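Consider the single chain below, provided in structure tokens and representing the form predicted on its own.
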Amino acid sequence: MPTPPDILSRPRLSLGLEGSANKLGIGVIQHTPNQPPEILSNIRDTFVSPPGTGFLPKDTAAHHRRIFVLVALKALRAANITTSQIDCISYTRGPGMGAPLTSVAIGARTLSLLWNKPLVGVNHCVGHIEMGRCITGASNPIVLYVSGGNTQVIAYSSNRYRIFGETLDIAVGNCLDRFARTLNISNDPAPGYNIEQLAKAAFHSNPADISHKSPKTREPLLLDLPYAVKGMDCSFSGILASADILASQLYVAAKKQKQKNTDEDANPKFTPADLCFSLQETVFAMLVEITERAMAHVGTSQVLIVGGVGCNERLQEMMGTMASSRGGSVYATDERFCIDNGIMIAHAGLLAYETGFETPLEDATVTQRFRTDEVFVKWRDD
């Protein structure tokens, strides 16, 4: 299906399908000549596993398959369009979890055949970046991409998003999520969000109250955790292991106290809120350091934070302090666009489609490892 010759002279619509992890997002975006992109719909449904557990690929894929049609219909109704108006179907090709990615790719191929629409396979990371640039207006920033599956410091150069630094083991979001499991924290609405609320509670007289209604009279304890920055890269597995060890001390003390087998003075002096506060402060300081180093190298004053962890207010605050000290500024979005969503895939896919790019049906597969710098960014010429 060749790209229509009039594609850039009229409004264009893209249906975006995202399902690389535990969120199924489907959205519709419109590009109109000489106007900013218009979001027509952005529907999302999250698979939430029980506290103390993660989301398994097979269960997440089953969730996506079960609600795919329902979410797609909601997106089309919210956008108030018919299928004949859609120019292309954009789907997440990777990176991500294999089974959920495959479920959504099958849905994308099915819709392509049913509606006779071209497919565009999108890099998940590039989708985050382009949506962040679109919403915030950041022109040429250093990008800090932080999520449950990725941690990268990125800058654009010569039609590529170049990776300057990244995690050497697990992603920062995975570190936070796995620690939430250790503390048996709820996964609703998201484990990282609940870690953030507990970290805020560390400042209150009742650090167990995540409603933050008690007086703000307490100084949280900043516990000593490994700080692992190696040049432009960082590591989070050792920090997680150390935080888990400290958490186990709390559980042992609580068990002994329940059995009335210990002196209260022998219990750890820190709380779960202190642990969450310390974990956040340490990992975010590492991210700020490598981001500042990239800013100095590239010579930019802009930082764009994308990915699910980018919603964290403390990370935004710490990054803002660093950027302002350099005469710069931080650009970030709210949870509608930071967290995985279909509209970012629709936007990035339409940008590529407008340059003539399509994914043939026989090549409309998925890959769990699809690096950001593998994508040729033809739509940018700066």
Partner chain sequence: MEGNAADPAFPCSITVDIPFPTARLASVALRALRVDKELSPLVSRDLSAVAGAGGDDSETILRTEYKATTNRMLRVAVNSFMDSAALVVEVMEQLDVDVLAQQQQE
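Positions refer to the first chain, counted from 1. In this text the structure is predicted, and so the values were computed from the model without any measurement.
Omitted here: the form predicted together with the partner chain. The next part is about that form.
- The chain is drawn here without the partner chain; in the model of the complex, the stretch among 301 to 309, 191 to 199, 99 to 107, 215 to 223 whose residues come within 4.5 Å of it by any heavy atom is 99 to 107.
- The candidate spot formed by Leu73, Thr83 and Glu362 lies fully in contact with the partner chain in the model of the complex, as each residue has a heavy atom within 4.5 Å of it.
- Residue contact with the partner chain in the model of the complex: Trp115 places a heavy atom within 4.5 Å of it.
- Put simply, Val69 is close to the partner chain in the model of the complex: some heavy atom of it is within 4.5 Å.
- Among residues of the shown chain, Leu111 is one whose heavy atoms approach the partner chain to within 4.5 Å in the model of the complex.
- Though the partner is left out of this view, Arg77 does reach within 4.5 Å of the partner chain in the model of the complex, counting heavy atoms only.
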